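Only one chain is included here, represented as structure tokens and corresponding to the form predicted alone.
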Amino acid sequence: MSAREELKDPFAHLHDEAYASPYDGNPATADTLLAMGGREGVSLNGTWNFTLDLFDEGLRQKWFADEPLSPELWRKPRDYDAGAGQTITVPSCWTTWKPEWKYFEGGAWYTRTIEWLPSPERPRAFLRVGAANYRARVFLNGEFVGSHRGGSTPFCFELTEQLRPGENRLQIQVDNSRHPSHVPMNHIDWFNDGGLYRDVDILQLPPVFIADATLQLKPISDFSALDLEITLSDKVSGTANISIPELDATWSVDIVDGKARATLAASPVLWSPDYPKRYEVTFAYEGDRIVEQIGFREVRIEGTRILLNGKSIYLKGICVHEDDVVVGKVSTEEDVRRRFADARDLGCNFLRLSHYPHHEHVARIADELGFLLWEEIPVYWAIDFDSDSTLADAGNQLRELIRRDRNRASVILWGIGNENADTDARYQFMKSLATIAREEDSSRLVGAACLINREEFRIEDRLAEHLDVIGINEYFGWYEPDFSGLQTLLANSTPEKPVIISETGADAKSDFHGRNDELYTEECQARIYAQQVASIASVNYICGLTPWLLYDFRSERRQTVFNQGFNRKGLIAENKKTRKQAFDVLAKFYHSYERK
């Protein structure tokens, strides 16, 4: 330690309230996100050292800069020791790890060592984090790498220059603090889990590689052409090769300044819920390739109808949260397949993944099983619509979601918001998001879950001009006990675009029985469902329904004797096994209803 370092004020950090600002730079964004496409990364899942940091001392005191020494070698006292004994498994939510951590909101430090052996053929290294709620800051060998905002989308950082042969120390500070300027904001209706709760990997890639590749059925092409986009890691020129062996098709396309766009002639068998046909597609450039399983289908609107492959489709759906009483927001393949199995029993062909991007394997499994999806970002309730920073955050989360999932045939609708009051600031904010969605992906629909015009009592929202599909959240029979209001609303409304009833329902405590007008009974929930489906079945402009919701989920806003920290509107209890009476009501409707 130098004499200058010895003279530094050891208490300066106690008075520095700008301590975090140096660690909000170099953001990971959609432009740094890399396509996986079957790539095999070096998994960093498993045991990490873990330290909760309620007061952000790690950033104040620069814990990441401390030499990883055993205590007997310290030159001065420390407040942090990565090897002090606390460990956690990645992926997981710390909020489910120990009872005393359940409600912790703040920063936490994840630390582990990684062994790095450079490869001449694949010398570039990238960290990929599937999701970290909400803000993440990455440090390698004591140096700041970069930051990311957004709790449900993946992000990447290149580590090539910072990694050294042999042992390296990787630290990720994750902060799940709620804030009015975040997306979502501090006021939400689900549980605020924290942590590295999706996979963490190191990708080893060649000097120039495929950063992104998309192949989709070209809209309005008589199902005989495919739209191709490829982006390389560097602005070089060359040739990329694309092949679909099952179609006996290969194409070579020119890459100029790292990008290629082309229209390719092909007539694939179309993907649909009845026949979820997928093709193995290989994208190759020099020594790199990615392989995707892609289904090809077209979705568009015509008047108040949604057309899938040119035919009108009625969306029999259900909303679902990514929540589990044991593992929180961790989404195992077993749990995802259980969701789809329950949705299949319900008669669904459609799911709304509420209210944030779910795990990327949800859409992959939906592709396989033949379910349609509404995916959305958490522009939820009273977002800070006047903030440029909040808009940038929301826009980046939308771009990351779209780039992650735009090869998934199951995804037909990008959701840009939920239950936002129709103000001037909100209109401009959401209009910008609709523009972003179309710039990123013109082959899918754009929608939002809207509120109704209360003065005129009709389906009306200025944002509808910029949407393809209008979602309406209504709870007639529950929050508005007079059910006749629904008939009045439907009769007053003449929307020119398709409408999905994006939320409706009622709370019911599983196995609580009584009169069908007694709140929180299964009988009451079942009656409201029966009234709802009877009311909307004959309304021509309604093209689908996603009631709220499949499973009961944790929400600390709700503290009645019936709720006890749960939203009880699920058709299945939080154990994901016990079905309530309303499940059978909706299943009967879905299995028997055909739009005439």
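We number the residues from 1 along the sequence you see. Keep in mind that this is a model prediction, so the values were computed, not measured.
Not pictured, yet referred to below: the form predicted in complex with a small molecule.
Remark: of stretches 29-37, 42-50, 57-65, 551-559, the one touching the small molecule in the predicted complex is 551-559 (heavy atom within 4.5 Å). Among the residues Glu419, Glu368, Asp201, Glu360, the one placing a heavy atom within 4.5 Å of the small molecule in the predicted complex is Glu419. Contact with the small molecule in the predicted complex, judged by any heavy atom within 4.5 Å, is made by just one of Tyr279, Tyr314, Trp97, Trp381: Trp381. Among residues of the shown chain, His355 is one whose heavy atoms approach the small molecule to within 4.5 Å in the predicted complex. Contact check for Asp189: a heavy atom falls within 4.5 Å of the small molecule in the predicted complex. At a distance threshold of 4.5 angstroms between non-hydrogen atoms, Glu503 is in contact with the small molecule in the predicted complex. Using a 4.5 Å cutoff between non-hydrogen atoms, Phe144 does not count as a contact of the small molecule in the predicted complex.
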